[in-house]
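Before any questions on binding or motion, here is one chain by itself as structure tokens, the form predicted alone.
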């Protein structure tokens, strides 16, 4: 695997924006006393998932750079259901008016708004997490937006680990993946989990890879919106009823681990793998095999320091784990924490698998691989490029579920 508007009335939005107070650490840098930055979250800042991971990264930035206690201006639940009248452009306008000298937009869903905001505020450095606007070789490259960079973790590795943990544990050979909406990012993460599961089913469980079931169902958004998405708890119930005994979550919130935890507590042999946030297993520790999570803090510190030093450049960063210690909070962009539900035997095999990924001895994005419709993705021995992985056209052959929205 190689090296990814409508205005609100001013006072209405300002009432919704909160200044987050965090304890500052030692002052290791030369940050201006009035320095502020904006953090736009798609979900609740305490969702135990995607948005909380970004929120805590903001707190990490404040601490590591010795920024003022009120340096982070945050607005959460910025999505069409929770804030239907709120545009990303208007949020940025208000954050800049409130003194923000840098903006983080933290969802793929914010693409149009943050690109428009970057054009409207060319002197304000911005990061669009998960985007490709600064990737010169990418489909969405915007050479004109010299103030908009991208940061994304190579979650593909951690999803491979999650898939492996699921295959090492499953007693039925039926794995389920609770998906959000369908796009390139979510397809490539499902594919990565599947590749990890298939490898470990064959090489550690010594089973025919064709006997492993892997199904994905999509709820329609990053988290549950009643009346708009499928109910992730109900989808999890359907997985369990169909015989799946491990549910891998790809949504921003914890419904899968909560529901599986209830079944586990009723003596069912079922497990789950939540997503995004290091502490997500806390929702049901005994049923949790582990969690693949993002650690945005170190890269956000680097980006912020470049702004403070007046050296910011719009770059596209797709950052992998620190293979010396994938859980190092100061160096690794993604990580994996094993849960109580993972057996000692499975844990030993998983450690071996992780070591193989880190050394390059295990390369899962290498052909032959086909797309779900049977067309060739990678020929025999061909290694996927970043472009091929990032812009995943379909799910892989062997996965049951939709590759595109109907």
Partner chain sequence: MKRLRSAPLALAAALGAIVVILFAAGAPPLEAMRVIFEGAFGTTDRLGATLMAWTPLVLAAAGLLITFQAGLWNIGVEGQIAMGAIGAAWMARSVEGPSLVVVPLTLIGGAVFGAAWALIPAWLRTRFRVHEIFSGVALSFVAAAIAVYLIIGPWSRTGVASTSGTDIFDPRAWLPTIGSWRASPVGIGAAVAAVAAVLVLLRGSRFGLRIRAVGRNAESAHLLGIPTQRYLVAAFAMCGALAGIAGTVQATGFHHKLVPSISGGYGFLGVLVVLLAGFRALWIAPIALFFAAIQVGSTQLSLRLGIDSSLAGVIQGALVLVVLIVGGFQVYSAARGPVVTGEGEA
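Residue numbers count along the first chain shown, from 1. It should be emphasised that the depicted structure is a prediction, and the values quoted were computed from it without experimental measurement.
What comes next is about the form predicted in complex with the partner chain, which is not displayed.
The closest non-hydrogen atom of residue 95 lies within 4.5 Å of the partner chain in the predicted complex. Contact annotation: residue 142 falls outside 4.5 Å of the partner chain in the predicted complex, judged by heavy atom distances. Within 4.5 Å of some heavy atom of the partner chain in the predicted complex lies at least one heavy atom of residue 221. In the predicted complex, the partner chain sits within 4.5 Å of a heavy atom of residue 120. The stretch from 77-85, 193-201, 258-266, 288-296 that comes within 4.5 Å of the partner chain in the predicted complex, counting heavy atoms only, is 77-85. 109 is the sole member of 252, 109, 245, 132 with a non-hydrogen atom lying within 4.5 angstroms of the partner chain in the predicted complex. With the partner omitted here, the residue from 90, 147, 332, 169 that has a non-hydrogen atom within 4.5 angstroms of the partner chain in the predicted complex is 90. Shown without its partner, the chain has 181 as the single residue in segment 146-181 with a non-hydrogen atom within 4.5 angstroms of the partner chain in the predicted complex.
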